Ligand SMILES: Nc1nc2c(c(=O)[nH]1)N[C@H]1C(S)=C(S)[C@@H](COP(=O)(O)OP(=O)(O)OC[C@H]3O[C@@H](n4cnc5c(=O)[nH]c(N)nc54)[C@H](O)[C@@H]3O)O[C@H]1N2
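Read the single chain below, which is given as structure tokens and is the form predicted on its own.
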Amino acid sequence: MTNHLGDMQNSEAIIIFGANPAANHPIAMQHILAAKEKKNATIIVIDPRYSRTAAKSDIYCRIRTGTDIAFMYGMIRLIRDNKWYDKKFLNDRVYGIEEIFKECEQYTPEVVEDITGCPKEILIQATAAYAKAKPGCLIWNQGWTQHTIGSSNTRMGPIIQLLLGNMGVEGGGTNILRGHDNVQGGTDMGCLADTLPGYYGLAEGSWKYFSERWKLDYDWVKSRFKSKEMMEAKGFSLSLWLHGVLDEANAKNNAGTPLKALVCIGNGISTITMTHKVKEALDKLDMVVFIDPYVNDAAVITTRNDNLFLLPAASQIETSGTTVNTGRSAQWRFKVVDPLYEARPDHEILFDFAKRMGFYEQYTRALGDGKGNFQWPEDATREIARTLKTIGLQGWLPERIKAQTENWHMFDTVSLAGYGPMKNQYYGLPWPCWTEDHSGSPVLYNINKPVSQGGMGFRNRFGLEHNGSSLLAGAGSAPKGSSVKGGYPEITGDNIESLGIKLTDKERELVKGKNWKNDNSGILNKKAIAAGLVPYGNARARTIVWNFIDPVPKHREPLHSIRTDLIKKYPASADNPNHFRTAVRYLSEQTAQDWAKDFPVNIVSGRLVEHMGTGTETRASKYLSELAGEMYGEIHPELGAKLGIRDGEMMWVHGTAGGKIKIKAKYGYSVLPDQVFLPQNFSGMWQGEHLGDRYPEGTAPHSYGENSNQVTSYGYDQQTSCPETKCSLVRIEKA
């Protein structure tokens, strides 16, 4: 998220793709409505379903699921032809826009209408309204990411913002709304299968850096892996781990062995696609452990009868430490009460594991005095601050974060700027927060501010040139007060003096061979910021990602497309034999059969405002269960009449991968006659069977329902492996 929630109030136009903040992010929706009230901002919503957010929009564009890229190329073509783009911004700060213009050529308004189903007049109206309003803010959520080309969706949106000069400005940017608090923080801490904390890669250099930071011998760390190759390879991702259990052929990508045990901590793994396959994997594993304040729904779904462990974890009000919101801001969570009953904080459970497995001393060596004497979580926060330089967490000291949280009333809710004792800092010290006295950076890539006050250009991380063109920013496009007025590479011990910064002999020796990401002396950062330079350099944003499957984003039809006539022209990518240690089908799955013939209804899934995630916590509330206590499928009356299903009657929904759910039909006009809306917040029912007796005594929720992901289709993003839950086909029958 380049900007933050409050900054939306500075927007003249807000365009929302693949998100329904009125139901899913009501706090964000308040800022959107404030922009509409205070700035008369134009609200544009692009969504397959007429949602609560769409009801508040000025322009609503209904598109077919999985066709966002075609719609955006239609926008880009109109922006290009009408010269609505920001020419100076493109010339000085963007690389590769010519290739985007070439790709957009085929997407005339008529072609876009055919692919997306959105009338060309609406496309033109929405594009003109958004392009002419300055600044414009872009919002998205899981409706964009959960596709085989979700990574291309999340590239296309920023490209439009670059094209219009909406990046690095207040009221602009790209704003990704997360499902709950600390999603951003969990990602920052390396809870992904392909990075170390702080988005450091898995190469030897990164492991050696962390070994040094953890005060461990690199060879000892390497010895914890079966091989160096496995140490530096991507792991199984959240969406693909089950295939490491069920598909024995994947063992070759996992050092010759299938997965045998699962420890799940704080994650609703029943939210990924094909939950019935998740059940099969849970049943097959040798051991399964769930660490959760509530009974994880997956623990109820599995029918295994041994080696299933439920460890009660403390809730957020029973623990303390930092939590990070979607806008990259940190806040201190103070403990309210001690953990109740047998519940234990996550760190105590993990420390206990480390002791029993024989590496507790190494696990905690970097904390406190390095001899087992430390203060939790303050010393862990300090370890994070001194280690994660890539995203600039050096200023995230517990004392600073606590002081801000205790004085939250001294910050402006729109700009995040502090006043009084909190002056010269932004609330939550949004990263990058380069030094112990840095202000934080509420708006990424803003060159209208000095670096010391959160200003920066685009990061130099892809080299100095590509195909003979410079990747460094143009003249005059550096942050305010910069000693270098144009582009420059990332700061290293070898080039810092060539940028006009003087070092003493001692400083020169300390930073020799170092760069801003691994300089533990802090000299490179402090010297650079004093000269108005950003540690990571000042480059052009690239629209071409030459190491991706699609260097330029392409519209590709969903694997299970309702428009089979378009598959030949817009085919899926080739199958990938080793995608996060899994052989993943793309083109072969798409062409395996005429999916739309047997499964003619498109799922449009989403959340309900009363519930979070699978509803594990919220369905434990009798009040929320009273408000929304029943799973259903919303279908258009025309579809109901065609299938002989009346409003309120039960129906079976069958998925392409063999799953099925029995739910109540609810008539509605928010969906088209070839769609069904399925809430994703229910569990505790399984293909018509009630699972209430599987919950331990006293832990059952107040409401139950079929898990919608039993009928979502096979499919994973071609770059990230995010599940394609937003482009599934189903067959509906009267129960």
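In this text the structure is predicted, and so the values were computed from the model without any measurement. Residue numbers here begin at 1 and follow the sequence given.
Just so it is clear, the following notes concern the form predicted together with this ligand, a form of the same protein that is not shown.
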property: Sole residue of Leu282, Val324, Leu123, Ile269 within 4.5 Å of this ligand in the predicted bound form, by heavy atom; result: Ile269
property: Contact assignment for this ligand in the predicted bound form, among Lys527, Arg459, Arg333, Arg607, heavy atom within 4.5 Å; result: Arg607
property: All of Val288, Leu310 and Leu587 with a heavy atom within 4.5 Å of this ligand in the predicted bound form; result: no
property: Contact stretch among 490 to 498, 629 to 637, 139 to 147, 448 to 456 - heavy atom within 4.5 Å of this ligand in the predicted bound form; result: 139 to 147
property: Contact flag, Glu706 vs this ligand in the predicted bound form, heavy atom cut 4.5 Å; result: no
property: Arg556 within 4.5 Å of this ligand in the predicted bound form, heavy atoms; result: no
property: Contact label in the predicted bound form: Ser621 to this ligand, heavy atom within 4.5 Å; result: no
property: Ser57: touches this ligand in the predicted bound form, heavy atom cutoff 4.5 angstroms; result: no
property: Heavy atom within 4.5 Å of this ligand in the predicted bound form - qualifying residues of 166 to 205; result: Gly179, His180
